[in-house]
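As structure tokens, one chain now follows by itself in the form predicted alone.
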Amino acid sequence: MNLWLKIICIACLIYTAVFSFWHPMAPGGLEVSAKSFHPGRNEFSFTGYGSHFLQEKQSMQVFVTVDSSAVYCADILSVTDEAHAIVSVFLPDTLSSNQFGFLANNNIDGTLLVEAPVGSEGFTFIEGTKNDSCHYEVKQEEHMGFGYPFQPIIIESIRNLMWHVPMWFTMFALMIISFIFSLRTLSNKSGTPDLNFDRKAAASAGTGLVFCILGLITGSIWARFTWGAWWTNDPQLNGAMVVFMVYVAYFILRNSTPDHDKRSRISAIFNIFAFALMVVLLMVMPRFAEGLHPGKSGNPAFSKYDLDSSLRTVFYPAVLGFVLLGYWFYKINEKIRILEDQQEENHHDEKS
């Protein structure tokens, strides 16, 4: 592997590590304490995350929205710290619906949104009811500076995006290399499998399997923090496990066949099948099934909410760094296999 590629690889990984652990989260609305609203005065707390409520107490505003058709200004009773404010809001007897939303503004954080299920009692609901008495200014501008996009469910675990997703990019890149060399193994004009191409196919698949394991581990840890379980019945998770077992079977098949030519031919055919199955299980089928992963069943992947323009400046170098690292390991694995084959040939010559 070229020295400059190694330098780029190391630089990208150091850059990824620094930015993924050092940079803060962008401010966000975490929760409200309101359980149920009634006509009249309602008091509750608004909790932010990475927010600046105390520092920007003078510019802070809190609003309660009703079905996006009415906005009610809340009175700020007290600000206890940078993330907690006690507020009260007066609600009339008649509302358009019981779909409540919560907004908090200040000059540093911009607009923080909380969508929480809040009960209601004593209201009369009439569709189209509006409220024009609240004069407000919603600061829609984004938080200034770099920050991980705030997501209420995953919060700090979004940092794993820089590690978990590049693992799968790297695995795919290596399995594509293995697939190509398996095709070349079978395309020898003499009809005899090319053992050099077979060695390259095995080396890249073996390295890709390592990154598959790392992807499963980082994914399982992420699932524990965001979905509450180490493993869920998600089509992409299940597909990834099947892919892992298929490639493990590929190496079991290789090690069970002592004849080099026969092993190369059978392994190449199986590897082509394994690659096609991987594409179907990880790229095709999950998009037609309900799943928790982004991009599945209408759930957008890499939208501005989970991969904004600032975050891309870290994510893309992370992908490049891990792909180069995978290629680096693949070349080392190939050299090890060459030495093992030479040692096996020398041992065979000594016996004969």
Partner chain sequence: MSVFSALFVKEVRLELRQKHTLAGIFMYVLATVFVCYLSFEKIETPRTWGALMWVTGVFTAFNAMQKAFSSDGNGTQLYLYSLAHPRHIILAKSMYNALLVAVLNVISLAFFLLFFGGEVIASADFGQLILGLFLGSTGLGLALTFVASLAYKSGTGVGLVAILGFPVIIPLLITIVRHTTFAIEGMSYLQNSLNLLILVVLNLLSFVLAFILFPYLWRE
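Positions refer to the first chain, counted from 1. Keep in mind it's a predicted model, so treat the numbers as computed, not measured.
Absent from the display: the form predicted in complex with the partner chain. The rest refers to it.
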| query | Which one of 86, 280, 176, 116 is close to the partner chain in the model of the complex, taking close to mean a heavy atom within 4.5 Å? | reply | 280
| query | Given that the partner chain is left out here, which of 108, 79, 272, 195 has a heavy atom within 4.5 Å of it in the model of the complex? | reply | 272
| message | Only one of 241 to 249, 71 to 79, 119 to 127, 97 to 105 has heavy atoms within 4.5 Å of the partner chain in the model of the complex; I'd like to know which. | response | 241 to 249
| query | With a 4.5 Å heavy atom cut-off, would you call residue 260 a contact of the partner chain in the model of the complex? | reply | no
| request: Indicate whether residue 54 is a 4.5 Å heavy atom neighbour of the partner chain in the model of the complex. | output: no
| Is the gap between residue 186 and the partner chain in the model of the complex 4.5 Å or less for some heavy atom pair? | yes
| query | Is residue 266 one of the residues lying within 4.5 Å of the partner chain in the model of the complex, judged by heavy atom distances? | reply | yes
| Residues within 4.5 Å of the partner chain in the model of the complex, restricted to 6 to 27 and counted by heavy atom | none
